[in-house]
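Before any questions on how it binds or moves, here is one chain, the form predicted alone, in C-alpha coordinates.
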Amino acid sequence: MADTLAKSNQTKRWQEMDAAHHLHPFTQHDELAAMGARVITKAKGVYIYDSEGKRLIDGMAGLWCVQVGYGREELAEAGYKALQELPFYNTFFQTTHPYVAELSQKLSEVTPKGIDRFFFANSGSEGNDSAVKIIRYYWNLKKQPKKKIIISREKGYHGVTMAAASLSGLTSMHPQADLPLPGFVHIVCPDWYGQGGTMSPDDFGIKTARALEDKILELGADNVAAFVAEPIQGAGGLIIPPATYWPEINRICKKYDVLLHVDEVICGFGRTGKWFGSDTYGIEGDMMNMAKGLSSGYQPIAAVGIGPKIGDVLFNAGEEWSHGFTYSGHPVAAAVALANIEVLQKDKLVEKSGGTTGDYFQKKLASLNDHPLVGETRGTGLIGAIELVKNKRTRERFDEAMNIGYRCRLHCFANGLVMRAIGDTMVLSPPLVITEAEIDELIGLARLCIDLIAKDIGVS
(Lines give C-alpha, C1' and ligand atoms only; values in the text may rest on other atoms or scores of the structure.)
Protein backbone atom coordinates (compact mmCIF):
# COMPACT_ATOMS: atom_id res chain seq x y z
CA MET A 1 0.00 0.00 0.00
CA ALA A 2 2.81 2.39 0.93
CA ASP A 3 4.63 1.59 -2.31
CA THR A 4 1.47 2.27 -4.35
CA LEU A 5 0.97 5.57 -2.57
CA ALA A 6 4.62 6.56 -3.14
CA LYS A 7 4.29 5.78 -6.86
CA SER A 8 1.10 7.82 -7.06
CA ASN A 9 2.69 10.78 -5.32
CA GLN A 10 5.77 10.64 -7.59
CA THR A 11 3.56 10.45 -10.66
CA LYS A 12 1.62 13.49 -9.51
CA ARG A 13 4.86 15.45 -8.99
CA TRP A 14 6.06 14.61 -12.50
CA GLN A 15 2.67 15.57 -13.94
CA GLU A 16 2.76 18.91 -12.14
CA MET A 17 6.29 19.65 -13.40
CA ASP A 18 5.26 18.67 -16.90
CA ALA A 19 2.10 20.79 -16.89
CA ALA A 20 4.01 23.81 -15.62
CA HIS A 21 6.99 23.73 -17.95
CA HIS A 22 6.67 21.32 -20.91
CA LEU A 23 5.26 22.32 -24.30
CA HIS A 24 4.17 19.03 -25.94
CA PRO A 25 3.89 18.28 -29.66
CA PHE A 26 0.38 18.18 -31.14
CA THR A 27 -1.34 18.76 -27.80
CA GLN A 28 -4.14 20.89 -26.37
CA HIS A 29 -2.30 21.91 -23.23
CA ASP A 30 -5.18 23.00 -21.00
CA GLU A 31 -6.84 19.65 -21.59
CA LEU A 32 -3.60 17.77 -20.84
CA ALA A 33 -2.96 19.74 -17.65
CA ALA A 34 -6.45 18.93 -16.42
CA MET A 35 -6.10 15.18 -16.94
CA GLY A 36 -2.38 14.78 -16.24
CA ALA A 37 0.17 13.39 -18.70
CA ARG A 38 0.77 9.66 -18.90
CA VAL A 39 4.27 9.11 -17.48
CA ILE A 40 6.24 6.33 -19.17
CA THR A 41 9.25 5.24 -17.13
CA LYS A 42 10.72 2.14 -18.79
CA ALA A 43 10.39 -0.21 -21.75
CA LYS A 44 11.53 -3.70 -22.76
CA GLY A 45 10.93 -5.67 -25.93
CA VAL A 46 7.48 -4.70 -27.22
CA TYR A 47 6.22 -3.37 -23.87
CA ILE A 48 6.26 0.02 -22.18
CA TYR A 49 5.56 0.67 -18.49
CA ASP A 50 4.09 3.72 -16.82
CA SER A 51 5.01 5.27 -13.49
CA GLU A 52 2.21 3.35 -11.76
CA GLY A 53 3.64 0.02 -12.94
CA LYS A 54 1.03 -0.58 -15.67
CA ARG A 55 2.31 -2.53 -18.68
CA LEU A 56 1.15 -1.74 -22.24
CA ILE A 57 1.99 -3.58 -25.44
CA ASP A 58 3.30 -0.93 -27.82
CA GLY A 59 1.41 -1.48 -31.05
CA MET A 60 2.95 1.67 -32.55
CA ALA A 61 6.67 1.02 -31.91
CA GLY A 62 6.87 4.45 -30.30
CA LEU A 63 6.05 6.63 -33.31
CA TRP A 64 6.48 4.02 -36.07
CA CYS A 65 10.16 3.73 -35.20
CA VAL A 66 11.35 1.19 -32.60
CA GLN A 67 12.08 -1.56 -35.13
CA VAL A 68 14.40 -3.64 -32.94
CA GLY A 69 12.31 -3.31 -29.79
CA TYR A 70 13.18 -1.64 -26.51
CA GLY A 71 16.20 -2.38 -24.36
CA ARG A 72 18.65 -3.67 -26.99
CA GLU A 73 22.04 -3.78 -25.28
CA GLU A 74 23.90 -3.68 -28.61
CA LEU A 75 22.57 -0.19 -29.30
CA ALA A 76 23.20 1.04 -25.75
CA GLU A 77 26.76 -0.27 -25.87
CA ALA A 78 27.42 1.35 -29.25
CA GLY A 79 26.23 4.69 -27.90
CA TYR A 80 28.24 4.33 -24.69
CA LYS A 81 31.42 3.47 -26.60
CA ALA A 82 30.98 6.51 -28.86
CA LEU A 83 30.30 8.74 -25.83
CA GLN A 84 33.56 7.60 -24.32
CA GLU A 85 35.65 7.92 -27.48
CA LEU A 86 34.11 10.89 -29.31
CA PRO A 87 31.04 12.37 -27.59
CA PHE A 88 30.84 15.08 -30.23
CA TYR A 89 32.56 16.57 -33.18
CA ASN A 90 31.03 18.26 -36.19
CA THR A 91 31.31 17.33 -39.86
CA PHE A 92 31.97 20.90 -41.01
CA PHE A 93 35.43 22.23 -42.04
CA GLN A 94 36.50 19.26 -44.19
CA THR A 95 36.18 16.87 -41.24
CA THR A 96 34.60 13.46 -40.73
CA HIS A 97 34.76 10.67 -38.15
CA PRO A 98 34.63 6.85 -38.32
CA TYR A 99 31.01 6.52 -37.21
CA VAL A 100 29.48 8.68 -39.92
CA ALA A 101 31.81 7.30 -42.60
CA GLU A 102 30.88 3.71 -41.73
CA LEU A 103 27.18 4.54 -41.47
CA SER A 104 27.25 6.18 -44.92
CA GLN A 105 28.84 3.05 -46.37
CA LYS A 106 26.32 0.78 -44.64
CA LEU A 107 23.38 2.85 -45.90
CA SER A 108 24.68 2.61 -49.46
CA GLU A 109 24.47 -1.18 -49.08
CA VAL A 110 20.84 -1.37 -47.89
CA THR A 111 19.15 1.51 -49.74
CA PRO A 112 17.75 1.06 -53.26
CA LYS A 113 20.29 0.83 -56.07
CA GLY A 114 21.82 4.19 -56.93
CA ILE A 115 21.08 5.90 -53.61
CA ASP A 116 24.64 6.12 -52.38
CA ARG A 117 25.36 9.62 -51.01
CA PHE A 118 23.88 10.86 -47.74
CA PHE A 119 23.30 14.09 -45.88
CA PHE A 120 22.56 13.71 -42.17
CA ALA A 121 20.06 15.64 -40.07
CA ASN A 122 18.35 15.10 -36.73
CA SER A 123 14.74 14.37 -37.65
CA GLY A 124 12.53 13.53 -40.59
CA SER A 125 11.28 17.11 -40.63
CA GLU A 126 14.84 18.45 -40.95
CA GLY A 127 15.55 15.85 -43.60
CA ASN A 128 12.62 16.94 -45.76
CA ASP A 129 13.46 20.61 -45.21
CA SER A 130 16.97 19.80 -46.43
CA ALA A 131 15.55 17.90 -49.39
CA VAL A 132 13.60 20.97 -50.49
CA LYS A 133 16.84 22.97 -50.47
CA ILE A 134 18.65 20.21 -52.40
CA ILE A 135 15.88 20.17 -55.01
CA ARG A 136 16.01 23.94 -55.49
CA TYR A 137 19.80 23.99 -55.56
CA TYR A 138 19.89 21.17 -58.13
CA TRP A 139 17.67 23.02 -60.59
CA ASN A 140 19.63 26.23 -60.08
CA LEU A 141 22.84 24.35 -60.93
CA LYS A 142 21.10 22.92 -63.99
CA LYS A 143 20.35 26.48 -65.16
CA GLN A 144 16.62 25.91 -64.85
CA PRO A 145 15.74 28.33 -62.06
CA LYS A 146 12.04 28.40 -62.98
CA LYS A 147 11.63 24.79 -61.83
CA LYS A 148 10.67 25.55 -58.24
CA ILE A 149 7.14 24.23 -57.58
CA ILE A 150 7.01 21.06 -55.51
CA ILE A 151 3.94 18.85 -55.72
CA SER A 152 2.87 16.59 -52.85
CA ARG A 153 -0.39 14.96 -51.83
CA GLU A 154 -3.45 15.57 -49.72
CA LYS A 155 -3.19 13.70 -46.41
CA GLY A 156 0.57 13.42 -46.86
CA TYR A 157 2.77 13.96 -43.82
CA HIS A 158 6.35 15.16 -44.22
CA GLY A 159 7.11 16.92 -40.93
CA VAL A 160 6.57 20.19 -39.12
CA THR A 161 9.28 22.66 -40.11
CA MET A 162 8.07 25.50 -42.34
CA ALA A 163 8.98 23.72 -45.58
CA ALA A 164 8.11 20.20 -44.40
CA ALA A 165 4.72 21.33 -43.09
CA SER A 166 4.11 23.06 -46.41
CA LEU A 167 4.83 19.76 -48.14
CA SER A 168 2.38 18.04 -45.82
CA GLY A 169 -1.19 17.75 -47.00
CA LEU A 170 -2.70 17.60 -43.52
CA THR A 171 -4.37 21.00 -43.67
CA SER A 172 -4.95 21.24 -39.92
CA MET A 173 -1.22 21.96 -39.63
CA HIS A 174 -1.34 25.03 -41.84
CA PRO A 175 -3.49 27.88 -40.40
CA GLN A 176 -1.58 28.42 -37.13
CA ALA A 177 1.64 29.26 -39.01
CA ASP A 178 0.14 30.79 -42.18
CA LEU A 179 1.15 27.85 -44.33
CA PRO A 180 1.74 26.48 -46.88
CA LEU A 181 4.56 28.65 -48.17
CA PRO A 182 4.43 29.68 -51.84
CA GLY A 183 5.63 27.06 -54.29
CA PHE A 184 3.95 24.04 -52.69
CA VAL A 185 0.96 22.40 -54.40
CA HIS A 186 -1.12 19.37 -53.39
CA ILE A 187 -2.96 16.78 -55.46
CA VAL A 188 -5.34 13.95 -54.53
CA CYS A 189 -3.97 10.86 -52.82
CA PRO A 190 -4.67 7.20 -53.70
CA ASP A 191 -7.13 6.63 -50.83
CA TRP A 192 -9.25 3.95 -52.48
CA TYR A 193 -11.20 2.98 -49.34
CA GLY A 194 -12.10 6.55 -48.49
CA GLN A 195 -12.46 8.08 -51.96
CA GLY A 196 -12.52 5.30 -54.56
CA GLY A 197 -16.28 4.99 -54.73
CA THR A 198 -17.34 2.31 -57.21
CA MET A 199 -14.02 2.29 -59.10
CA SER A 200 -11.79 -0.77 -58.95
CA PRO A 201 -8.55 -0.24 -56.99
CA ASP A 202 -6.50 -0.57 -60.20
CA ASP A 203 -8.56 2.03 -62.07
CA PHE A 204 -8.48 4.35 -59.08
CA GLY A 205 -4.69 3.96 -58.83
CA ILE A 206 -4.26 5.06 -62.44
CA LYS A 207 -6.70 7.94 -62.01
CA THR A 208 -5.01 9.35 -58.91
CA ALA A 209 -1.52 8.94 -60.38
CA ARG A 210 -2.57 10.86 -63.47
CA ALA A 211 -3.66 13.73 -61.23
CA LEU A 212 0.09 14.39 -61.03
CA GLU A 213 0.37 14.58 -64.81
CA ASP A 214 -2.66 16.87 -64.98
CA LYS A 215 -1.13 19.20 -62.38
CA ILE A 216 2.25 19.25 -64.14
CA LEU A 217 0.56 20.20 -67.41
CA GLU A 218 -1.53 22.85 -65.64
CA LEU A 219 1.52 24.44 -63.99
CA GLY A 220 3.92 23.85 -66.89
CA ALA A 221 6.66 21.22 -66.70
CA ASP A 222 9.28 23.99 -66.84
CA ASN A 223 7.98 25.21 -63.47
CA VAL A 224 7.71 21.90 -61.59
CA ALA A 225 10.78 20.79 -59.63
CA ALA A 226 9.71 17.63 -57.83
CA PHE A 227 7.01 15.29 -56.62
CA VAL A 228 7.28 14.28 -52.95
CA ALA A 229 5.39 11.31 -51.50
CA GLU A 230 5.42 8.51 -48.93
CA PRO A 231 5.26 4.93 -50.28
CA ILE A 232 2.43 4.34 -47.79
CA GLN A 233 0.85 7.45 -46.30
CA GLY A 234 1.18 7.01 -42.55
CA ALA A 235 -0.21 9.87 -40.48
CA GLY A 236 -2.80 10.57 -43.18
CA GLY A 237 -4.57 7.30 -42.34
CA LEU A 238 -2.31 4.45 -43.49
CA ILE A 239 -3.22 4.83 -47.15
CA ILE A 240 -1.84 1.93 -49.17
CA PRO A 241 -1.75 2.73 -52.91
CA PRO A 242 -3.29 0.37 -55.47
CA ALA A 243 -0.76 -1.72 -57.42
CA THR A 244 -1.16 0.50 -60.49
CA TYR A 245 -0.25 3.72 -58.72
CA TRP A 246 3.52 3.80 -58.36
CA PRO A 247 4.45 2.47 -61.84
CA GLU A 248 2.41 5.32 -63.33
CA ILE A 249 4.05 7.88 -61.02
CA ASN A 250 7.49 6.61 -62.11
CA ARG A 251 6.50 7.07 -65.75
CA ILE A 252 5.12 10.57 -65.27
CA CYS A 253 8.12 11.89 -63.34
CA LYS A 254 10.51 10.62 -66.01
CA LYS A 255 8.40 11.95 -68.88
CA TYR A 256 8.34 15.51 -67.54
CA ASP A 257 11.81 15.57 -65.93
CA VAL A 258 10.35 16.02 -62.44
CA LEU A 259 12.47 14.80 -59.53
CA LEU A 260 10.89 12.06 -57.41
CA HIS A 261 11.63 12.43 -53.70
CA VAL A 262 10.46 9.47 -51.63
CA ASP A 263 9.70 10.08 -47.96
CA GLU A 264 10.71 6.78 -46.31
CA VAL A 265 10.59 8.05 -42.72
CA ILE A 266 7.80 5.65 -41.73
CA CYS A 267 8.23 2.93 -44.36
CA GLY A 268 11.99 2.50 -44.16
CA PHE A 269 14.05 -0.18 -42.40
CA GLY A 270 11.74 -3.15 -42.75
CA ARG A 271 8.34 -1.76 -41.89
CA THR A 272 6.70 -2.79 -45.20
CA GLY A 273 8.40 -6.19 -45.42
CA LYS A 274 11.44 -5.03 -47.40
CA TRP A 275 14.22 -2.64 -46.45
CA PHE A 276 12.30 0.32 -47.90
CA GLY A 277 8.87 1.07 -49.24
CA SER A 278 10.60 1.89 -52.51
CA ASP A 279 11.64 -1.79 -52.71
CA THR A 280 8.11 -2.95 -51.88
CA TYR A 281 6.45 -0.84 -54.58
CA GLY A 282 9.20 -0.53 -57.20
CA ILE A 283 9.51 3.23 -56.72
CA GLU A 284 12.33 4.75 -58.81
CA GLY A 285 13.22 7.72 -56.64
CA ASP A 286 15.94 10.25 -57.33
CA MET A 287 16.28 10.90 -53.60
CA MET A 288 14.82 9.67 -50.33
CA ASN A 289 14.46 10.75 -46.73
CA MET A 290 15.03 8.39 -43.79
CA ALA A 291 14.68 8.74 -40.01
CA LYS A 292 12.72 6.84 -37.30
CA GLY A 293 13.77 3.22 -38.01
CA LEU A 294 17.27 4.39 -38.94
CA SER A 295 18.17 4.25 -35.24
CA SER A 296 14.97 2.57 -33.99
CA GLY A 297 14.36 5.85 -32.19
CA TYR A 298 17.29 5.27 -29.82
CA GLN A 299 18.95 8.47 -31.06
CA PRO A 300 17.68 11.44 -33.12
CA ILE A 301 19.04 11.03 -36.64
CA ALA A 302 17.84 11.36 -40.22
CA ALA A 303 19.47 10.95 -43.61
CA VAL A 304 18.66 12.26 -47.07
CA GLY A 305 19.96 9.84 -49.69
CA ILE A 306 20.55 11.01 -53.23
CA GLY A 307 21.15 9.15 -56.48
CA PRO A 308 23.59 9.99 -59.26
CA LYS A 309 21.25 12.31 -61.17
CA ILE A 310 21.37 14.78 -58.29
CA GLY A 311 24.59 13.67 -56.59
CA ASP A 312 26.85 14.06 -59.60
CA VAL A 313 25.61 17.62 -60.11
CA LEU A 314 25.98 18.65 -56.45
CA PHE A 315 29.38 17.03 -56.00
CA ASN A 316 30.74 18.78 -59.09
CA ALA A 317 29.20 22.19 -58.46
CA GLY A 318 32.56 23.83 -57.86
CA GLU A 319 31.22 25.86 -54.94
CA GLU A 320 30.38 25.47 -51.27
CA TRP A 321 26.96 24.05 -50.44
CA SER A 322 25.60 26.43 -47.82
CA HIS A 323 23.62 24.05 -45.64
CA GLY A 324 24.16 21.85 -42.58
CA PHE A 325 23.40 21.38 -38.89
CA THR A 326 25.66 21.38 -35.84
CA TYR A 327 24.65 17.77 -35.23
CA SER A 328 24.72 16.53 -38.84
CA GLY A 329 26.19 13.04 -38.56
CA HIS A 330 26.57 13.26 -34.76
CA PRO A 331 29.02 10.51 -33.73
CA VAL A 332 26.82 8.98 -31.02
CA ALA A 333 23.71 9.00 -33.19
CA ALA A 334 25.67 7.56 -36.13
CA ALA A 335 27.17 4.81 -33.94
CA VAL A 336 23.73 3.80 -32.65
CA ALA A 337 22.21 3.87 -36.15
CA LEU A 338 25.01 1.66 -37.44
CA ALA A 339 24.45 -0.82 -34.59
CA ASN A 340 20.70 -0.74 -35.28
CA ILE A 341 21.18 -1.69 -38.93
CA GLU A 342 23.52 -4.49 -37.88
CA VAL A 343 20.85 -5.86 -35.52
CA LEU A 344 18.25 -5.70 -38.30
CA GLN A 345 20.63 -7.71 -40.48
CA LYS A 346 21.85 -10.16 -37.81
CA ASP A 347 18.35 -11.03 -36.59
CA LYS A 348 16.90 -11.00 -40.15
CA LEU A 349 14.13 -8.70 -38.97
CA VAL A 350 13.44 -7.27 -42.41
CA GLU A 351 13.08 -10.77 -43.83
CA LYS A 352 10.74 -11.73 -40.97
CA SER A 353 8.63 -8.62 -41.51
CA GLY A 354 8.24 -9.63 -45.15
CA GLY A 355 7.86 -13.32 -44.26
CA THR A 356 6.75 -15.36 -41.25
CA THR A 357 6.16 -12.55 -38.75
CA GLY A 358 4.55 -10.18 -41.21
CA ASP A 359 2.37 -12.93 -42.67
CA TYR A 360 1.13 -13.92 -39.22
CA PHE A 361 0.44 -10.30 -38.28
CA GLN A 362 -1.55 -9.68 -41.46
CA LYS A 363 -3.53 -12.92 -40.96
CA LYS A 364 -4.46 -11.97 -37.39
CA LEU A 365 -5.25 -8.39 -38.44
CA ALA A 366 -7.61 -9.70 -41.15
CA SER A 367 -9.41 -11.79 -38.54
CA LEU A 368 -10.98 -8.54 -37.29
CA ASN A 369 -12.95 -8.16 -40.52
CA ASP A 370 -15.85 -10.11 -39.02
CA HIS A 371 -16.49 -7.35 -36.47
CA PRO A 372 -19.63 -5.26 -37.16
CA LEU A 373 -17.68 -1.98 -36.81
CA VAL A 374 -14.75 -3.00 -39.02
CA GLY A 375 -15.18 -1.93 -42.63
CA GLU A 376 -11.73 -3.00 -43.76
CA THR A 377 -8.35 -4.09 -42.50
CA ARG A 378 -5.31 -3.48 -44.68
CA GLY A 379 -1.56 -3.63 -44.37
CA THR A 380 1.74 -5.06 -45.50
CA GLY A 381 4.68 -6.35 -43.53
CA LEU A 382 4.31 -5.08 -39.97
CA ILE A 383 2.03 -2.14 -40.57
CA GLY A 384 -1.75 -2.26 -40.60
CA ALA A 385 -4.99 -0.31 -40.31
CA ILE A 386 -8.50 -1.01 -39.08
CA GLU A 387 -11.33 1.14 -40.47
CA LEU A 388 -14.13 1.72 -37.95
CA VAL A 389 -17.30 2.50 -39.89
CA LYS A 390 -21.02 2.95 -39.40
CA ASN A 391 -21.93 0.84 -42.45
CA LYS A 392 -19.63 -1.94 -43.67
CA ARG A 393 -21.38 -2.30 -47.03
CA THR A 394 -21.39 1.37 -48.06
CA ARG A 395 -18.20 2.38 -46.18
CA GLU A 396 -20.21 5.16 -44.51
CA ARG A 397 -18.28 6.70 -41.61
CA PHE A 398 -19.51 7.82 -38.23
CA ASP A 399 -20.27 11.47 -37.57
CA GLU A 400 -16.96 13.13 -36.61
CA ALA A 401 -18.57 14.53 -33.47
CA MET A 402 -18.84 11.00 -32.09
CA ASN A 403 -15.01 10.75 -31.87
CA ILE A 404 -15.16 6.98 -32.35
CA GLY A 405 -11.43 6.55 -33.00
CA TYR A 406 -10.40 8.74 -30.08
CA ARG A 407 -12.75 6.88 -27.74
CA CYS A 408 -11.42 3.55 -28.98
CA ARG A 409 -7.87 4.76 -28.30
CA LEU A 410 -8.85 5.60 -24.70
CA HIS A 411 -10.15 2.06 -24.27
CA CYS A 412 -6.83 0.81 -25.64
CA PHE A 413 -4.75 2.71 -23.09
CA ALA A 414 -7.06 1.59 -20.28
CA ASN A 415 -6.65 -2.06 -21.32
CA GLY A 416 -2.90 -2.23 -21.92
CA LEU A 417 -2.57 -1.47 -25.63
CA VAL A 418 -1.06 1.42 -27.58
CA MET A 419 -3.00 1.71 -30.85
CA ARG A 420 -3.15 5.01 -32.71
CA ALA A 421 -6.33 6.65 -33.91
CA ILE A 422 -6.23 8.73 -37.11
CA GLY A 423 -9.81 9.89 -37.23
CA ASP A 424 -11.71 6.60 -37.10
CA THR A 425 -8.83 4.66 -38.64
CA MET A 426 -7.01 2.61 -35.99
CA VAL A 427 -3.36 2.04 -36.86
CA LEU A 428 -0.81 -0.57 -35.77
CA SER A 429 2.93 -0.59 -36.41
CA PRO A 430 4.56 -2.88 -33.82
CA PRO A 431 8.30 -3.47 -33.34
CA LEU A 432 9.71 -5.91 -35.89
CA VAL A 433 10.81 -8.19 -33.03
CA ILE A 434 7.23 -8.98 -32.03
CA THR A 435 6.52 -12.70 -31.58
CA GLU A 436 3.45 -14.64 -32.67
CA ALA A 437 2.28 -14.87 -29.05
CA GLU A 438 2.64 -11.11 -28.71
CA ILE A 439 0.73 -10.60 -31.97
CA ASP A 440 -2.05 -12.75 -30.53
CA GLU A 441 -2.09 -10.53 -27.44
CA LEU A 442 -2.04 -7.32 -29.50
CA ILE A 443 -4.89 -8.32 -31.85
CA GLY A 444 -6.86 -9.77 -28.95
CA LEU A 445 -6.67 -6.45 -27.12
CA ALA A 446 -7.57 -4.59 -30.30
CA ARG A 447 -10.72 -6.72 -30.64
CA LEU A 448 -11.58 -6.15 -26.97
CA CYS A 449 -11.32 -2.39 -27.37
CA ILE A 450 -13.38 -2.37 -30.58
CA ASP A 451 -15.97 -4.45 -28.71
CA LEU A 452 -15.99 -1.84 -25.95
CA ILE A 453 -16.58 1.06 -28.33
CA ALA A 454 -19.34 -0.98 -30.01
CA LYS A 455 -20.95 -1.46 -26.60
CA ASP A 456 -20.64 2.28 -25.94
CA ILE A 457 -22.70 3.10 -29.03
CA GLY A 458 -25.13 0.20 -28.75
CA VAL A 459 -23.86 -1.99 -31.59
CA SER A 460 -23.87 -5.74 -31.02
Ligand code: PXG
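Residues carry their position along the shown sequence, with the first being 1. The shown structure was predicted, so the numbers you read here are calculated from the model rather than taken from an experiment.
Heads up, the form predicted together with the named molecule isn't pictured, but that's what we're talking about next.
K.L.:
Please name which of the stretches 124 to 132, 89 to 97, 176 to 184, 366 to 374 has residues with heavy atoms lying within 4.5 Å of the named molecule in the model of the complex.
P.N.:
Checking each option against the 4.5 Å cut-off leaves 124 to 132.
K.L.:
Quick one: from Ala43, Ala414, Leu63, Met402, grab the residue that has a heavy atom within 4.5 Å of the named molecule in the model of the complex.
P.N.:
Of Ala43, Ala414, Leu63, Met402, the residue with a heavy atom within 4.5 Å of the named molecule in the model of the complex is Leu63.
K.L.:
Which pick from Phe276, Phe119, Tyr245, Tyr157 sits with a heavy atom within 4.5 Å of the named molecule in the model of the complex?
P.N.:
Among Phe276, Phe119, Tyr245, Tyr157, a heavy atom within 4.5 Å of the named molecule in the model of the complex occurs only for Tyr157.
K.L.:
Should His330 be counted as a contact of the named molecule in the model of the complex, where contact means heavy atoms within 4.5 Å?
P.N.:
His330: no, not in contact with the named molecule in the model of the complex.
K.L.:
Could you tell me if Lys292 has a non-hydrogen atom within 4.5 Å of the named molecule in the model of the complex?
P.N.:
Within the cut-off, so yes.
K.L.:
Wondering, does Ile266 line up within 4.5 Å of the named molecule in the model of the complex on heavy atoms?
P.N.:
Yes, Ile266 sits close enough to the named molecule in the model of the complex that at least one of its heavy atoms falls within 4.5 Å.
K.L.:
Does any heavy atom of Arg397 come within 4.5 Å of a heavy atom of the named molecule in the model of the complex?
P.N.:
Looking in the model of the complex, residue contacts with the named molecule do not include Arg397, since no heavy atom lies within 4.5 Å.
K.L.:
In the model of the complex, which residues of 230 to 249 put a heavy atom within 4.5 Å of the named molecule?
P.N.:
The stretch touches the partner through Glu230, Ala235.
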